[in-house]
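In the block that follows, a single chain appears as structure tokens, in the form predicted on its own.
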């Protein structure tokens, strides 16, 4: 008899050991590098034919494998958009994995499905979308965008070779990737120049639609961004929603990182109009402080996700009933429960704690902007939704970012704005302090 198991006492001891090592990591996160220096590939031994000491395997993961890479929960990880997770959500992931939870059907996971529907409805309500809005949790913004655009195409597109969409130059690349995967003509995704505030302007869309319709194309998609990755800028969502209705376009909003800011008074004002989206993507593994992976797709067209992703097969007969089948709201049949961690952490800490943590990230970027201005840096894009970009003519931004990242103290990043490379800080981590910001700027000065 072959048993893939350990005696209960050994499992308990090993579990305590693993959790202690995780808590040690979180406790010492501040003294670790936010991004590990690049090293040669690991030389790994072949798979053993017989059993080995699991504790040694755990140590190898903690000491050799996992330190190689970025630590997106580090208080001075300012690169791109981080994932500042919390330990309660890690426990929830452990619980779900320990139960080998299946969330693809009601029969296979009635409890997990009910919890997911609850969490999705919380997100819908916080975004202000109508009660009939439906959704699903996915791996993140890329698959969320793919899911939303697939639903949009199912609803509105007759000929994918003629279908045309409109984005701006700072729209996330996930949109272009989804466009290609779904079989649209790559030449028909119009990338329009943003205005000086890095926002998409309706006038540019009007001109492009007019040209495309004269050419016999089918304009069907307009993408707005609620927090661009490069600058945190927010497109004029109300104006875009009006234009989408007037031109009979599907209005998709990419709020992958920025949308949760709507939980704060300032964010609600800045993101006004997000509630009018036909589809919205947001990632709780960003500004709702969850570990990877958890994204969410919300679609304001009841039944459309099911029509788009309906799935049938003789082998599924015993799981078909009148309840919601999450396999029919997205591309996955086999799927774990991503709702557990968001539900448990929200239930543990309360929504106000999340709201305050988001507000803290917004304030930190404003503090970073003030600190940089006082040190005579040019602010290229002012603080918006936890992102600020900056530059100095006599400084090579690429070299500066490489050097401070290699030092192990902080990890800013760069982006391209108006044809030049600029430095960038993203401050959405609630572990980050004002002193972290000030010391990072001091080191950038050096």
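Positions refer to the first chain, counted from 1. On a predicted model such as this, the values are computed, not experimentally measured, just so you know.
Quick note: we don't show the form predicted in complex with a small molecule, though the next part is all about it.
Student: When the small molecule is placed as it is in the predicted complex, which of 351 to 359, 253 to 261, 124 to 132, 193 to 201 ends up with heavy atoms within 4.5 Å of it?
Tutor: Stretch 253 to 261 is the one.
Student: Is residue 325 part of the interface with the small molecule in the predicted complex - any heavy atom within 4.5 Å?
Tutor: The answer is no: residue 325 has no heavy atom within 4.5 Å of the small molecule.
Student: Going by a heavy atom distance of 4.5 Å, is residue 174 a contact of the small molecule in the predicted complex?
Tutor: Close contact exists here: in the predicted complex, residue 174 approaches the small molecule to within 4.5 Å, heavy atoms only.
Student: Hey, in the predicted complex, is residue 278 touching the small molecule, heavy atoms inside 4.5 Å?
Tutor: It does not: once the small molecule is placed as it appears in the predicted complex, residue 278 has no heavy atom within 4.5 Å of it.
Student: State yes or no: in the predicted complex, is some non-hydrogen atom of residue 219 no more than 4.5 angstroms from a non-hydrogen atom of the small molecule?
Tutor: It does not: once the small molecule is placed as it appears in the predicted complex, residue 219 has no heavy atom within 4.5 Å of it.
Student: Just to be sure I understand the contacts: of 151, 372, 81, 234, which is the one whose heavy atoms reach within 4.5 angstroms of the small molecule in the predicted complex?
Tutor: Exactly one listed residue reaches within 4.5 Å, namely 81.
Student: Name the residue from 329, 286, 338, 76 that puts a heavy atom within 4.5 Å of the small molecule in the predicted complex.
Tutor: Only one option qualifies, and that one is 286.
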